[in-house]
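Take a look at this single chain, the form predicted on its own, given in structure tokens.
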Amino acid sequence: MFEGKTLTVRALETGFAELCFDNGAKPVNVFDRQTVTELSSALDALAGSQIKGLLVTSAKKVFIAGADISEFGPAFGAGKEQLKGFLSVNNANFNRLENLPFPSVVAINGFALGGGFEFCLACDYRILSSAAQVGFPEVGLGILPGWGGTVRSPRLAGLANALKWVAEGKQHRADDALVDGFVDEVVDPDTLRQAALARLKSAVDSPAAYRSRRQQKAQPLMISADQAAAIESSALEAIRKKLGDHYPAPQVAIKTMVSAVNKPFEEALEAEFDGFYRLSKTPEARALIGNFLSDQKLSSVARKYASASPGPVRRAAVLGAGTMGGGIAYQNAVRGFAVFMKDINQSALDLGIGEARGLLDKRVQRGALSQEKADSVLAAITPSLSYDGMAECDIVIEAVVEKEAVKKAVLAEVEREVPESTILASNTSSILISSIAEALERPENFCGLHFFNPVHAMPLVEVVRGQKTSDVTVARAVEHVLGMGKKPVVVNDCPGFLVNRVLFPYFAGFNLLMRDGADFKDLDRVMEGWGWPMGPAYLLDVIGIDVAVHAADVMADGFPDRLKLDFPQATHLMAEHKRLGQKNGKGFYLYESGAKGKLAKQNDPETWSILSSHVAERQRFGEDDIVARMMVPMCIEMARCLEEGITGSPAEADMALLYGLGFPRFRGGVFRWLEEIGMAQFCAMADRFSHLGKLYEPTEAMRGMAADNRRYYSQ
């Protein structure tokens, strides 16, 4: 009946037709321009046919992932009418689907998200595989559903359920979708098609039922103003408690849906578009959509590296147990790798196994893992005090103490125990990979694998290429990081690599502010208000002040012109007084175990008694000045990293900070933020603090961009 490149319609022997989405050119089905156009043609063919009912299926494992986000840029940059035109074609498609002269049943075999799920809502019945997930993730992109999702969902599932689903932006399992009223039936994947066809036959035999459903979606809910206001207030309170006020999309979505719930269908669609348009013009939407595209870039680069790997890792080794080593061993084992964990001390091995066991126990308690599976994962980790078995490993990840001499000695020793094909990697956070490689006979087989703590929770792993690291080593390391379920970013060797290199200028800005009389509690409050998950003093306490001081000294030796500070630094003073942060219960703050064992932060007057004789008289700084003095050094250092080729692109750099440091997502990373404020304005901001030294001096390339009005991403 119709055949396109992304979907087809064929007649079935039963008198039904099947519309099958199958974008063979892409790994998943999406509503790109071509699919939208072909859906219009398919609906033309269906409207003029004599069929009795329509079955909708997907030939991909993912039903429909949603809209093609890469097409948003031009549409969002246009005017209101142009954006409306962009959305209206598929809105018209869904309305036509909903009003075909015969019933429709969609068999949802995999993920149906965003526009993909909105399409499903326009069908008369939704049969869901028990393995599938559905939802509206649009608020995660800073927008709201734009193809009728805010209108149909409350009329099908009730206002409270619809507000929760749209405002939270989560993916939902099949059983939740059924309970909340978004689907009609959940079946085993093997019986999905059969169940959908049975439902379609039933609808044909009882037309009043599906026509009643259509009427339900078309008419207002007619709930009282008081009831709507109460539901709205509850939803807004819940989302503000969870996200704060940095993310406008959930709040706009809630208000839009409540305002439209008693309106006729077409007026409700107009309200949806107005909310969508307002959000499309926000900096948060630009940043969050940018994050999505940058993440695709990061994944694409990683897959390209991994494609050159000579073969997958079958067995991994972790050299050095303890908390970090145990975390790395756990991450390998939970992703299906056999792990050999070696240390010289039984107590360290016990600590490493204990770390892995603790993480598995938490997953079992949450119901995310069966006890049987947890036991098998733990059994995949083989602790050892000797090298017996190390020769069977394809990759060895060293995680011993952060001392160059120790790492050199340990890696040189293990190199003699493994085949020439084995990859060696160091989990160092600051020591030059090229320097450690001097102790090795096969430096081409050596790279950095910098995990972030806690390993199981932090997505990023920096794959560090030393001066002699081979392409094959990088490829195999990237492939293994992907296999561990992490986000690899390949960087070139330098002090601090990428993430720590840009973090410590931020900490230098903190120490300069402290020198000049700032209150660290004010700095934490302002930077957390700006969007960081932790302020600088709190973050230092979490990292461990002794660890931070050691890394700061390494960085200062590497970049003395801007990081060698000639005054007593607050961080160093804390370390000298054995205030190491959360690890010993006192740093800038005091810490005591609170509910569920979580450390509770408390103020401690003793902090200022330590600092007072070394800093200026305490004074209040304006919030804009605090943000500038903290962020300008980080931004300039990141620009240097890009200019020096430490990182491959602005997208990779931005995602590294999001995944490695928790950079505020709604700001999109350093380069996205620079795009938003403009390079000329940034340089002017930096120049206000030029008296503070080279740390606040933009690069010549940055000044050239400001003069020429050039942008990082447009390049």
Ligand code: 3HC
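In this text the structure is predicted, and so the values were computed from the model without any measurement. Just count from 1 along the sequence shown to find any residue number.
Not pictured, yet referred to below: the form predicted together with the named molecule.
*Asks:* Is it the case that F292, even though its partner is missing from this view, gets within 4.5 Å of the named molecule in the model of the complex, heavy atoms only?
*Replies:* Yes, F292 sits close enough to the named molecule in the model of the complex that at least one of its heavy atoms falls within 4.5 Å.
*Asks:* Give a yes/no on whether P27 approaches the named molecule to within 4.5 Å in the model of the complex, heavy atoms considered.
*Replies:* Contact with the named molecule, yes.
*Asks:* Does the named molecule get within 4.5 angstroms of any non-hydrogen atom of G326 in the model of the complex?
*Replies:* Heavy-atom contact with the named molecule at 4.5 Å: absent for G326.
*Asks:* At 4.5 Å between heavy atoms, is A67 in contact with the named molecule in the model of the complex?
*Replies:* Taking the distances in the model of the complex, the answer for A67 is yes, it comes within 4.5 Å of the named molecule.
*Asks:* Select from the listed residues P633, G115, G352, P103 the one whose heavy atoms reach within 4.5 Å of the named molecule in the model of the complex.
*Replies:* None of the others qualify; the residue that does is G115.
*Asks:* So the named molecule isn't shown here. In the model of the complex, which residue out of Y506, F72, W165, Y210 has a non-hydrogen atom within 4.5 Å of it?
*Replies:* Exactly one listed residue reaches within 4.5 Å, namely F72.
*Asks:* Of the listed stretches (472-480, 292-300, 574-582, 450-458), which one has a non-hydrogen atom within 4.5 Å of the named molecule in the model of the complex?
*Replies:* That would be stretch 292-300.
*Asks:* Where, within 170-191, is there a heavy atom within 4.5 Å of the named molecule in the model of the complex? Residue list please.
*Replies:* The stretch touches the partner through Q171 alone.
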